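One chain comes next, on its own, written as structure tokens: the form predicted on its own.
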Amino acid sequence: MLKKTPIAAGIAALATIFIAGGCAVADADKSNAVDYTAMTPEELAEHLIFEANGFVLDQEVQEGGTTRQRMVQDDLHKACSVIGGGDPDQETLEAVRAAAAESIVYPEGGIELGDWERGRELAWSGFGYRVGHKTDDHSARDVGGNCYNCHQLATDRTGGNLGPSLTGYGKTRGTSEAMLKYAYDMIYNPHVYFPCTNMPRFGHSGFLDEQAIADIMAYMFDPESPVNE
């Protein structure tokens, strides 16, 4: 089983700032004053997210449900959230890795490459699940993977450096069955190789469907793709 920590542990470190400073901050309504100094960091994090009206929690989201439901951590989030910073212990990491492996669903016909030109646009696009004054309309545009936010792929566009460069990915690695499986797994649920990574679980979450994953993989591997020029 994955070890669990409080739901909002991810911002518990922020809560320690309030407590360490020794300041008791009250709500606007003085009759309902809240003494933040009496809370643990975890309790304060929970309060700031779910009780202090810091987020519009009743807004509907594209995957169904509300923003409140989206803010609740699942087992993996809880397991990977370490109070005070640092990394989870080895037992937790192995449990995360095993759960990730069990979550991966492969295409019935096997892993195949799709349309690299569509994959190029999906890799660039961050459209899909944003919440704000106007949420993304899935009937108007395809949901993107926003790969360029963290990776450099083709050099005709500027990518991020939070993740490794993927430029020349197919040219340097080839398209063996093992290589395609590795890339598919990384997009579907990267925790199978890097437990508690910051990379999203695009397939496991349902944010990218099988065709979208196949198209993005084609952009990475197809020799005609600008990634492999």
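Predicted model, so just to flag it, every value in this text is computed and none were measured. When you see a residue number, it is the position in the sequence shown, counting from 1.
This next part talks about the form predicted in complex with a small molecule, which is not shown.
Colleague: Decide yes or no: are V61, M71 and G128 jointly within 4.5 Å of the small molecule in the predicted complex, with each residue judged by its heavy atoms?
Modeller: Negative, none of the three is within 4.5 Å.
Colleague: I need to confirm a contact call. Of V56, A178, A38, L162, which residue comes within 4.5 Å of the small molecule in the predicted complex, counting heavy atoms only?
Modeller: None of the other options qualify; the answer is L162.
Colleague: Name the single residue among S103, Q152, T92, N146 that comes within 4.5 Å of the small molecule in the predicted complex, judging by heavy atoms.
Modeller: Comparing distances to the small molecule in the predicted complex, the residue within 4.5 Å is N146.
Colleague: Does the small molecule come within 4.5 Å of any heavy atom of V192 in the predicted complex?
Modeller: The answer is no: V192 has no heavy atom within 4.5 Å of the small molecule.
Colleague: Though only this chain appears here, would R173 touch the small molecule in the predicted complex if you measure heavy atom gaps against 4.5 Å?
Modeller: Residue-level check for R173: yes, a contact with the small molecule.
Colleague: Should T167 be counted as a contact of the small molecule in the predicted complex, where contact means heavy atoms within 4.5 Å?
Modeller: T167: no, not in contact with the small molecule in the predicted complex.
Colleague: How about A218 - does it come within 4.5 Å of the small molecule in the predicted complex, if we only consider non-hydrogen atoms?
Modeller: A218: no, not in contact with the small molecule in the predicted complex.
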